[in-house]
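Just the one chain here, the form predicted alone, laid out as structure tokens.
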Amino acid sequence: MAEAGSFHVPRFGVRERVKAFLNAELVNILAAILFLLLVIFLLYPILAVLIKSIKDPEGLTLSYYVKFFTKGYYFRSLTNTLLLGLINTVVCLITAFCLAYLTTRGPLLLRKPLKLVAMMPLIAPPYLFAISLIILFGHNGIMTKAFGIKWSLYGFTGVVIAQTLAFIPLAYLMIENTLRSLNPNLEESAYDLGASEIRIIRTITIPLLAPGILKAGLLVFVMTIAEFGNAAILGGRTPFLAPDTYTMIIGEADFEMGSVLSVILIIPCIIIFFLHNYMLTGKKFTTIGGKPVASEPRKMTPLVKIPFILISGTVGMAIVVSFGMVLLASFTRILGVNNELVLTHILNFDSNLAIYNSIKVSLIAAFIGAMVGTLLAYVIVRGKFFGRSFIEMISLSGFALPGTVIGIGYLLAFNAPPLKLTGGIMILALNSVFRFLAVGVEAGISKLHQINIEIEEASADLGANFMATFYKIVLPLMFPAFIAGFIYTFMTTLVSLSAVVFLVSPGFELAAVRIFDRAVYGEIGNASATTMKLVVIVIFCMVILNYITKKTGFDVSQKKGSVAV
């Protein structure tokens, strides 16, 4: 009996020690697992692109880079891409500042309508504007035939216009948020001292907006040079890096040069990122104190009001007309050529099947992304291990990198054993998960900062283990952040094109890819109808997100603005 007793005690002790170890170290274990996932599904694909660009059958080589920098076509492609990013950034910042100034300082009558119009492109895929421009200014476009316009839409100018309309809301959100947070007494004091409104804007408002403007510029620049749809549809024979990368991979199966173009596409993004951080390092822009401030709305001077309204009104009208044209084309056989009203585009079986496939992929990506984002946020905020900042930086990097690069990376990394994913639905979902993971992570971090750690400590003092505390206390409190990450990932996956266009398999078409194909082949009615159906789904998602925001008081939109930086 004594032997039997001595036999059972050690087993019990080992089990207890294992439970105690897991309870104490589960956060670190979870962090290690999540870091491994980031390495496999984010760092490894990017590394695969880099390796492919410097490797040939004989070993390591720089010959592909030599070819890139010595061939005139590639140099034009790089020049056009950088020039496109620069022009778009400047135009978007100027327009966004005018819109933001009017919606925060302008006439009360204009504030809500202008804000609504400025936000409209957020509910649509970026390539909606390429489709609308074709309807208006294509070879058989409405405006082209009505006024005998000789200007060709296809080329650099057409891409600039489409990209500008698509990315104005991103700049507007950041500038408007920063402008709203400025202490109005600073401007009021300068106004009382006799400074003109133009001088106040030049010497006070714009300098204090530097963080928002720089962040908006970075985001717009990165998104512009990486956006695939508008440049591919409207570029014509004008070379751009993102469409040229697609041609190299899909058209010519030249993975080496496609990888080189991808690496070149990453470099400006990295340079802009570090330039942004350098310009803000050591500078203070604090204008919000602990005391409440109030100011009465003052009339804008005509020298500011008239040009601001003209710029904002022109852009707002262009956005509204673009949506209207795509909506009309959805119910017209060939808008501008044969204006017969039809339902064939809306009821098209193939487009509806593509939307169903997109919804299925988006739901999988949204659930996995929200779950991983929530867990990552927890280990980053509550963990005490070395390297938390590095894990956060990696989790945010997918959002800052061009989708084209990540799409090619997945194609190279997961096209062979031991982890062969190409040809299936999971590669599409996982690609979106780690591309848009940043919003879920930042939403979770934002929410955790609102949750006092003493709640978890009290649970542990009452005898609850880590899993019980996390499941019964932390997760319910973080549920709004989980839902925000879920809906955002769902929406962005639904309309994303630049990455998935490399990964779709024959027989499994996604809505974004179908819109792109139909637009390229001139089937504008079908492309418009599919686009509008996506817009309706995105509006529904945003209504749900807005409802959750009002019910819970948790707003992820502020973190969205900072994520991509």
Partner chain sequence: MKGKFIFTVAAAIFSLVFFVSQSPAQEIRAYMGLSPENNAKVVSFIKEKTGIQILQTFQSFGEIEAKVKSEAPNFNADMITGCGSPLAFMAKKNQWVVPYDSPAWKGVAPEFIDQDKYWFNISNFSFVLVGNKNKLQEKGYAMPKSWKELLDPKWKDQIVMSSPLSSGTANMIRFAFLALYGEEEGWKFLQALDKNIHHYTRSGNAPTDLVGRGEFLLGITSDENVKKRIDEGYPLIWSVPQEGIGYDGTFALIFKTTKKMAECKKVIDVMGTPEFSRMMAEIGYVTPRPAENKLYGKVTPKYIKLDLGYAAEMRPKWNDIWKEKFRTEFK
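Positions refer to the first chain, counted from 1. Please read all numbers here as calculations on a predicted model, not as lab measurements.
The same protein also has a form predicted in complex with the partner chain, omitted here; what follows describes it.
> Quick one: from 423, 313, 113, 324, grab the residue that has a heavy atom within 4.5 Å of the partner chain in the predicted complex.
So the residue touching the partner chain in the predicted complex, by this definition, is 423.
> Which residue, 394, 248, 208, 264, is the contact with the partner chain in the predicted complex, using a 4.5 Å heavy atom cutoff?
It is 248 that has a heavy atom within 4.5 Å of the partner.
> For residue 41, is any heavy atom within 4.5 Å of the partner chain in the predicted complex, or not?
Looking in the predicted complex, residue contacts with the partner chain do not include residue 41, since no heavy atom lies within 4.5 Å.
> My question is simply whether residue 333 lines the interface with the partner chain in the predicted complex - judged by any non-hydrogen atom within 4.5 Å.
Yes - in the predicted complex, heavy atoms of residue 333 and the partner chain come within 4.5 Å of each other.
> Can you tell me whether residue 152 touches the partner chain? I mean in the predicted complex, with a 4.5 angstroms heavy atom cut-off.
Yes, residue 152 lies within 4.5 Å of the partner chain in the predicted complex.
> Could you tell me if residue 271 has a non-hydrogen atom within 4.5 Å of the partner chain in the predicted complex?
No, residue 271 stays farther than 4.5 Å from the partner chain in the predicted complex.
> Report the stretch among 504 to 512, 58 to 66, 531 to 539, 42 to 50 that approaches the partner chain in the predicted complex to within 4.5 Å, counting heavy atoms only.
Among the candidates, contact is made by 504 to 512.
> Need the contact residues for 137 to 155: heavy atom within 4.5 Å of the partner chain in the predicted complex, sequence order, or none if there are none.
Contacts from 137 to 155: 138, 139, 140, 141, 152, 154.
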